[in-house]
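So this one's two forms of a single chain, laid out as structure tokens and tagged structure 1 and structure 2.
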Structure 1
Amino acid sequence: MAVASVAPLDRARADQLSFCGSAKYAPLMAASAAGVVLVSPQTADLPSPAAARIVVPNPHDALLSLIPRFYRLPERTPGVHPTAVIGRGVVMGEAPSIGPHAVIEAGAVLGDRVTIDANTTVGAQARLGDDVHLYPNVTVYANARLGRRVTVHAGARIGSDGFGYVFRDGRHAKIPHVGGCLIEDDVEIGANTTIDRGSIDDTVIGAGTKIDNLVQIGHNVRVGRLCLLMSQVGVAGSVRVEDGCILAGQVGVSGHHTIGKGATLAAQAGVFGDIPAGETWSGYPARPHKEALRAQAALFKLPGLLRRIERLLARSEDDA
């Protein structure tokens, strides 16, 4: 019994490995053509035609170790493509990989083993740590600083001007943005995400934080370590997101608030105040999740009661 790749239960063939982490997938497992299935103690005895099953504590986690054995991940090829444009005074570390039409402006400083893909632009005086990978068509603005092992997906913009104006003499006068944009070690940034530089303070993304696609981080925001910001989240200026927070998809946080350590915001939550550490909030405007659920449940009962209430009110106020 040999398997050569990995596939979900409903798509796997006899030469593929699959996984079943929950009894709710029992029908898929019973019908799966997978040759080998990773199972948990809870799913170990589910019916399955597979030639072999392997019991592990958590099949999904086990995959994390197995995938690199089945798939050769792309290797980086050191070298500077002849069409790349390297500005005056750029400092390169060891073994850079600079793709076609990449542009590195004057004075930028690169660590070792930096990868800069095709059509990406790195602004003047920017600093990229060891093992940074910028995918194609990225922009790093002048003076932005990226730590070690930072990965930036295609089309992300790091260090753009924030949105700050003062209305004066009949026009919106722009506040010059002279603050920095600091991305700490081991941060991953999704495709087409935008992270503004600070106005006078810095914008900071803490070490180990992961940011999904199309996220907006405003000026002077400080995101702590090990946070997860999912797709289309918007964080307005000067917000503090403390360590270990989770912001689910399309969450919006208005300016100058603090999201306490380890807090979770459910998808589409609209935050207009501080969030206490460790709590889960949801809804618009965001409230503690249980309170929000109770309010929603009550709301959907309301139409059925309203006529009865109005009748009762009319009757009893006539009486009074």
Structure 2
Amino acid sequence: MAVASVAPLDRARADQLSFCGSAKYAPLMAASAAGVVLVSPQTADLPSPAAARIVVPNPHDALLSLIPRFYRLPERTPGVHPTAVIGRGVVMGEAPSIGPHAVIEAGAVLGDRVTIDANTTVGAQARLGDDVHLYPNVTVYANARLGRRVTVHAGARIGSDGFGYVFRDGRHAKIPHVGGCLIEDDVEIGANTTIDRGSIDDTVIGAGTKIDNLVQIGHNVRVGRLCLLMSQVGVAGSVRVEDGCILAGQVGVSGHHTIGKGATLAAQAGVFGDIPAGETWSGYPARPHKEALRAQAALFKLPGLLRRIERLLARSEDDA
């Protein structure tokens, strides 16, 4: 059985590969036209018209290994486009790929095999490690440092000033930001995400952390290794996010708090204090997840309780 591409169960054709890792997708699998389906031991016996099913310990992991065989990334073409602007004293490693209208300002240092796409700006004295890829319209501010194999998607801003002001003499006086912005190895940063430089300290994103689109990280924040920050997360200044944390979509963290190692914040959680290591918190304001669920359940009971109270009050008035 030959397959040429990958597709979800509900849209796959006979010449495509799909996967099923959970029994909750049994109806989709039973109706799927996929030619080959990757299944786990738990889903291996689900009904399916597929010509072949392949049992693997984890279909998601197996798919991750197979996708590069079906979809080849465009090959890099080393070279510097004639419209690119290269400042004085720029140091480039081997085989750079610099796209149209890119700007690399004075004193920047680029490692080997760096790719800088169209209309991207790398500020003065910035440093990019080996195999960094900056997609179109990225701005890396002066003095920012990116480690090896960092990927920054379109429109992201790295190392901009943080939001810091002091009210003095009848106006908001800006606090100069002289700290750095350090992105460690193997970090991926989503489109239109912004990461501020530190005020006097550095903003640091730890190795292996993955940041989604539209995330805002304030000045002096330190995010640990192997964290996941999902879309529209906002992290205020001087927060510490320790290793292995997960911040789901639209989480907001107020300034100067610590998210303990391995903690998880559920979507839209509003954090106004420290979060203990290894715990899952949710809600607004964020509380331990089970406690937040109980509070939400109690809130949903209020309309019924109010109706009962109103009926009791009405009876009392009638009796009077």
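Nothing here was measured: the structure is a model prediction, and the numbers come from that model. All residue numbers here refer to structure 1's sequence, counted from 1. Definition used throughout: the rigid core is the maximal C-alpha set that superposes within 1.5 Å between two forms.
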Same chain, two copies; the copy that is the form predicted in complex with another copy of the chain is structure 1
Rigid core fitted, is the C-alpha displacement of A297 between the two structures 2 Å or more? no
Expressed in angstrom, the C-alpha movement of L313 between the two structures on a rigid core superposition is 9.5
